[in-house]
Ligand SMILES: Nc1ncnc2c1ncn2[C@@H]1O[C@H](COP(=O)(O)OP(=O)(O)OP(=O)(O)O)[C@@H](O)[C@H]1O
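Only one chain is shown below, in structure tokens, and it's the form predicted alone.
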């Protein structure tokens, strides 16, 4: 997949911006705080429907403006794809596919696909299970839009079940409705768990080899799916788990069992990287995960997604930097950095100097 055109209006630091990237390595150069990351954020927004930095659309709108818009055109094996997102100060965002407005955010998935690697990715390794679930959810949503819809159905049912648990002590008449919410959770949850297990297995196979290469053969990374429901992935297993936990859930007023409690474990030599890994091991694991995500997406879709590298070169030592640069051939890549020397060995196709929310070809 190749992005052929990106246009921003009133987005973050940009009043207006037009970018015609090349098929190879595209570099955004400039000091920190000049707007380099905003370009990558806009691309990622069109891939997943969300920013990797904020959940608030209003933060994406340029100060003093009424709206922001991002428009991306991409060429895929099946032809041209166009995605446009308009973010108003008030009201709901508008999504357009090929110029036609769509009502469901899931319809955005699969048109523009990409993998973003940023310094914040270390949180995927170091933080709690929510970060690793999000990592898997975002990748699967791009590959399989049906997964995104199942995720939405699950989130809605979970919200309603938790609401019943909170009100049940004062409104006991609500208790019988738990069976209905359990059924909806189990239906959507079984789909999520099956997809997660399959994806993590593929990711682990790729990551093991990728991590071995990055660490010069010294270590091998294993990624394991750790579901909170241990009886199985099917609907009945989740129902049984929810029923067994119901008394405890009523006491705690929250749902303690289901895919929203899953984890993904990163292991090196049988030891949890989060708890026992060094800073270098955690960094290498994060890089291996993103590169493996890139490979799995290519296997599933039959073409490379774009790769976005946000200020990561300076975070890597020379060896890991070389490993990363050597993998860029044939992949449309967008890189932000402050020093072009960090890209030694990379065949740069196009470069822009970013300053105060403006772009100029370098």
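Positions refer to the first chain, counted from 1. Treat the numbers as computed from the prediction; the structure is a model and nothing was measured.
As for the form predicted in complex with the ligand, it is not shown, yet the points below apply to it.
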Residue 305, heavy atom within 4.5 angstroms of the ligand in the predicted bound form: no
Residue contact check: residue 32 to the ligand in the predicted bound form, 4.5 Å heavy atom: yes
is_contact(residue 38, the ligand) in the predicted bound form, heavy atom dist at most 4.5 Å: yes
Distance check, residue 61 to the ligand in the predicted bound form, heavy atom within 4.5 Å: yes
321, 53, 298, 327 - the one with a heavy atom within 4.5 Å of the ligand in the predicted bound form: 53
Partner-proximal stretch of 61-69, 43-51, 312-320, 290-298 relative to the ligand in the predicted bound form, 4.5 angstroms, heavy atom: 61-69
Interface residues of 7-27 toward the ligand, as seen in the predicted bound form [heavy atoms, 4.5 Å]: 12, 13
